[in-house]
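Consider the single chain below, provided in structure tokens and representing the form predicted alone.
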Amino acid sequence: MPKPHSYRFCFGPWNLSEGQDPYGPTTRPAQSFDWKLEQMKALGYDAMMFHDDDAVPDIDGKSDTQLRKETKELKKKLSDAGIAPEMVAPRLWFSPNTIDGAYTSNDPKCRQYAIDRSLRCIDIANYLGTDLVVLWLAREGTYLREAKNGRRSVDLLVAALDKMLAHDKKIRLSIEPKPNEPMDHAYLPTIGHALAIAQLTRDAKRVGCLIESAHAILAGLDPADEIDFAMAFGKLWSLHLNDQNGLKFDQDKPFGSANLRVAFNQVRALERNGYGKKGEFVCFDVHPFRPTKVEHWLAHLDNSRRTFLLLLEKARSFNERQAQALIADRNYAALDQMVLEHLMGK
């Protein structure tokens, strides 16, 4: 048996959200980045993930000199706090330039904006000291299929990825698939799509993926299967654990909140594949419930990690020999009950 390893944990500034949703305003006061960094230290987390404009606010109005200066200042803050930068992601879904898509926009000027912004994001990652850039392709899809040519859009995505890979010879691009929302249908809805398009790029070895539990569930898939699939290719470079109550909007519930068994199987998949042994972080992309009071603001992050660690104990204490005997006997009813009773502490 391989020796068990320790996991390192991560979240982003947006995971301390103020409660705004499409139907109502904020329910908690805005807090500064420094306050959020202090909460991360208090919780004992190891790393922080960033959007490019988390690192450099109002990035589109900043010169390259300002970008470098502000990123270096952020790097010092993180270093002083003992917090690592996990990744940086270009936020390409807020800009007026990306109303109709970013890399796949029908407007060439908007496509160029998306690429230029992505190259600046890579520069930020370099200044911070991380080689990982995550691409959530939020608006790469259509509201109606006649508006875009799907084959042309694949070509445009590959061209954009190639320009990013050419910009820096060490950067790794990690695609975060999601099947819908905000688009009706996204062009890269699953890990299989992400890893397939990687093969069309100039350097497929530097294009991998990030799995988010809720996104896999929204695609009608089991996140544990997506983890196994990605790690079979050696391409799972980051991870957003959370939960999702069915095929609805993206809920970002605390890990294990909706389906503890699905969460258990994700932890088992990470364990059997040795996730984390090459420095990867377990990130929780979770949000407080909207009614959450200020004094309970950190509970969703603390609870997600506690659930993960408890399920890790369950995964490591699961009687694999007994399970294999039941599998060999094709006694899946007994295996089913064995898992349930193990999770219930029987």
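Note that residue numbering follows the sequence shown and begins at 1. What you are looking at is a predicted structure, and each value in this text was computed from that prediction instead of being measured.
Absent from the display: the form predicted in complex with a small molecule. The rest refers to it.
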Residues Tyr7, Glu86 and Arg305 all lining the small molecule in the model of the complex, heavy atom within 4.5 Å: no
Candidate stretches 222 to 230, 190 to 198, 171 to 179, 67 to 75, one within 4.5 Å of the small molecule in the model of the complex by heavy atom: 171 to 179
Exercise: Arg139 in contact with the small molecule in the model of the complex, heavy atom 4.5 Å: no
Partner contact for Glu212 in the model of the complex: the small molecule, 4.5 angstroms, heavy atom: yes
Asp250: touches the small molecule in the model of the complex, heavy atom cutoff 4.5 angstroms: yes
Proximity of His300 to the small molecule in the model of the complex, heavy atoms at 4.5 Å: no
